[in-house]
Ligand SMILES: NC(=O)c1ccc[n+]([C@@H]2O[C@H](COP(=O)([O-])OP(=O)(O)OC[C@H]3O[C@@H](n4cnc5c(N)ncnc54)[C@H](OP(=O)(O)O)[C@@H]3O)[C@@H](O)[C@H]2O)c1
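Okay, so here's just one chain, in structure tokens, the form predicted on its own.
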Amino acid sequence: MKAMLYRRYGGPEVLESADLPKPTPGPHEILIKVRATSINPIDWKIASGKIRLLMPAKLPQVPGFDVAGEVVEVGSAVSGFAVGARVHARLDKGIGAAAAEFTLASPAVTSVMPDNMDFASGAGLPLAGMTALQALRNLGGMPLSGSKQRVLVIGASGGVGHLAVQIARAAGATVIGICSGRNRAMVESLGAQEVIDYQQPDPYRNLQACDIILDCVGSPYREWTPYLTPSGAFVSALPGPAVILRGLCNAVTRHKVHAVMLKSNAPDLRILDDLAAAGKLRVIVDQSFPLSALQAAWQRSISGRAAGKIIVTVDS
């Protein structure tokens, strides 16, 4: 099979095309014919080698966590998935392997895609969508229906942010999105009742206290705790050491600070699928690239200017 991989740490330039053996599923695995994958910053951060102490790559490494495609073979102990089913997943073993014509997935992280979902949307949803869902529900304490909270999303036009806006709106929350002025219309179209252009002078002067602040860009938490209600929570989808250390003090502090540590699982993915099937959640595609142009897709992600998800299509 065709695949993209890297044999050494570095930037997008280390990616190269390769011919690899098609994987064979074990008893508890599904073999998926990949139709699309998506780019997440964690892909190129792992490849850079800067986080090798936390997430070392086993070189050579095929990157990519998100996958959408068709089941072509199931392991002997797998039930509930038929050959030909359209599925998607956030791979949970190792550090990727979706940037190829075929990949293996565990049934525990795989969901059958809704009929109204295409492969690009299916590939763009798992990692970013579950990150947003777990941040708001598990760490922010937002119920998935009947929410009366004010939710502020920093980076509301990005991969995680644009999905968080929609998940919070579907739950009933009042949503305030922060983005650049060029993405205002997009964030408004996703349901944000208020959009703040961070490029304007003194942009937060009228910002009222929020129950949940979801940071999708890696902001210093100290800049945002003044905008929290007394029992509010700051949740970071891109946590640095300061956020992680501050989170250890939550038992003795008023405001809570949390770092999202994604736990990939099929039940959460099915919650997102149900929202998508009901027309309450959609993946915005920033740009689409063929697998052979994975270098360019990574460069687009590294630029930080993507609005929505960057998709990589896989043809065979």
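Each residue number is its position in the shown sequence, starting from 1. No experiment lies behind these values; they were computed from the predicted model shown.
From this point on, the text means the form predicted together with the named molecule, which you will not see here.
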| query | finding |
| --- | --- |
| Partner-facing stretch of 136-144, 113-121, 180-188, 227-235, counted where any non-hydrogen atom is within 4.5 angstroms of the named molecule in the predicted complex | 180-188 |
| Ile42 within 4.5 Å of the named molecule in the predicted complex, heavy atoms | yes |
| 4.5 Å heavy atom contact, Ala306 and the named molecule in the predicted complex | yes |
| Residue contact check: Met261 to the named molecule in the predicted complex, 4.5 Å heavy atom | yes |
| is_contact(Gly155, the named molecule) in the predicted complex, heavy atom dist at most 4.5 Å | yes |
| Answer option from Val71, Val195, Ala173, Leu127, heavy atom within 4.5 Å of the named molecule in the predicted complex | Leu127 |
| Among the candidates Val165, Ala98, Ile212, Cys216, the residue which, in the predicted complex, approaches the named molecule to within 4.5 Å (heavy atoms) | Cys216 |
| Residues in 104-120 close to the named molecule in the predicted complex, defined by a heavy atom within 4.5 Å, in order | none |
